[in-house]
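Next up: a single chain in structure tokens, the form predicted on its own.
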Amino acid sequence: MNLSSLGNHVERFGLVLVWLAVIAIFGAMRPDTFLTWSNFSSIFGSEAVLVIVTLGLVIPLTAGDFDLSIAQTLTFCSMLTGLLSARVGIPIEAIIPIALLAGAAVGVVNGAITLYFRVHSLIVTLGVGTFLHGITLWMSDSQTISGVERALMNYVIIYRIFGIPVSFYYAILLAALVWYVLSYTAFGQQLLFTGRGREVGRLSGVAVGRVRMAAFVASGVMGAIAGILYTGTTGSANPNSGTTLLLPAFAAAFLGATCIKPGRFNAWGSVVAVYFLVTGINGLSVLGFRTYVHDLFYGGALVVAVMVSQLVSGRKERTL
């Protein structure tokens, strides 16, 4: 293996190596609490929702758009699930498609306003997300809704494989699906063309508007899936549940763009980034740091991730 090939491998898997180093450091400092299977099963199982939100962001980001509404889509669909189950008594099997359609509808609204009124997606999705938050507060009367059908909890958090809740495996399956779509389908290639240059994409025959609309709808559906799983994780719907997930999801999406496929938003890089960040937070918590460290860690990670991803993208472009 020559030096160039070695350098490429280090770049692709650098974050994985750093993640392993972080595990080794915290493990050496607190082996009795950090290096336990119960701790790692908690890390993997508790952050499946964050993984799915991050994957949802990756799709429009690949097309050059932002979706700041995804966290509130999660909250809205979680509340919809909770109300229909606890208050109306609809079976969970019937609620799931309703929630998914609601998420898709949010994506359509985001896409329609962005495309047809030519407003930047950052502004549109921020406004739509704030509007959704208001609807969620109105629906719930600003109260947590409990009493969700136990079957949802069974298939999200109670049933386990190798001690890890099945929600983790749902997240991995969705990551595999996003990876396949982005890497091996015509739609994935069209997303890449659209994100790298919309005019170039149009000249290449890509229906840029349709691709961007599909990306927003996919993001909305992913937000809905995350909302359903969040409700199943807690057994209730909180009107502020998704608010804290937006920052770490963006941090993971941009950090994930520095590994596996450097310079490109990608599914497996995002998964690695989520668990790298969560491992760091978990390790600091084990060491006794207070909860405000979460914001410091996630905020710092987002800034560093954006800078590194821009450097990597710029270098890739210069080598083409």
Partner chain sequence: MSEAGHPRLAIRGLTKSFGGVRALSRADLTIMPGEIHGLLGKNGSGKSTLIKILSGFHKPDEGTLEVDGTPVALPIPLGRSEAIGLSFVHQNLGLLPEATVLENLIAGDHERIRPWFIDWSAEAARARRLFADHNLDLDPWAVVADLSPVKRAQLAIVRAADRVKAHNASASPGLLVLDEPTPFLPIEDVRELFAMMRALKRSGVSIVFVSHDIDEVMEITDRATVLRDGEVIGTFETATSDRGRIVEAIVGRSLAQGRLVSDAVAAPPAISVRGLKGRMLQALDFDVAPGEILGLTGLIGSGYDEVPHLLAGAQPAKAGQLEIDGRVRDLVGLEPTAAIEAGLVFIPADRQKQGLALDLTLTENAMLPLAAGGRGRFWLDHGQREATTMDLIRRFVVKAQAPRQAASELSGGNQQKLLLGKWLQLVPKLILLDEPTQGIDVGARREIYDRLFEACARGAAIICATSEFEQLEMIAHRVLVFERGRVKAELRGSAVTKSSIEQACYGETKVHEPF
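No experiment lies behind these values; they were computed from the predicted model shown. Positions refer to the first chain, counted from 1.
There is another form of this protein, the form predicted in complex with the partner chain, and it is not shown here; the text below is about that form.
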**Report entry** the partner chain in the predicted complex: contacted by all of Val108, Phe117 and His133, heavy atom 4.5 Å
**Finding:** no
Query raised in the report: According to a 4.5 angstroms non-hydrogen atom cut-off, is Gly129 in contact with the partner chain in the predicted complex?
Result: no
Query raised in the report: Are any of the heavy atoms in Arg264 no more than 4.5 Å from a heavy atom of the partner chain in the predicted complex?
Result: yes
Requested in this report: Decide whether Ser167 counts as a contact residue for the partner chain in the predicted complex under a heavy atom distance cut-off of 4.5 Å.
Outcome: no
Requested in this report: Tell me, yes or no, whether Phe193 is in contact with the partner chain in the predicted complex, where a contact means a heavy atom of each within 4.5 Å.
Outcome: yes
Query raised in the report: Among Ser142, Asn154, Thr185, Thr243, which has at least one heavy atom within 4.5 Å of the partner chain in the predicted complex?
Result: Thr185
Requested in this report: Could you spot which one of Pro248, Gly232, Gly201, Pro239 gets a heavy atom to within 4.5 Å of the partner chain in the predicted complex?
Outcome: Gly201
Report task. Look at the stretches 176-184, 77-85, 156-164, 95-103 and give the one with heavy atoms within 4.5 Å of the partner chain in the predicted complex. Result -> 176-184
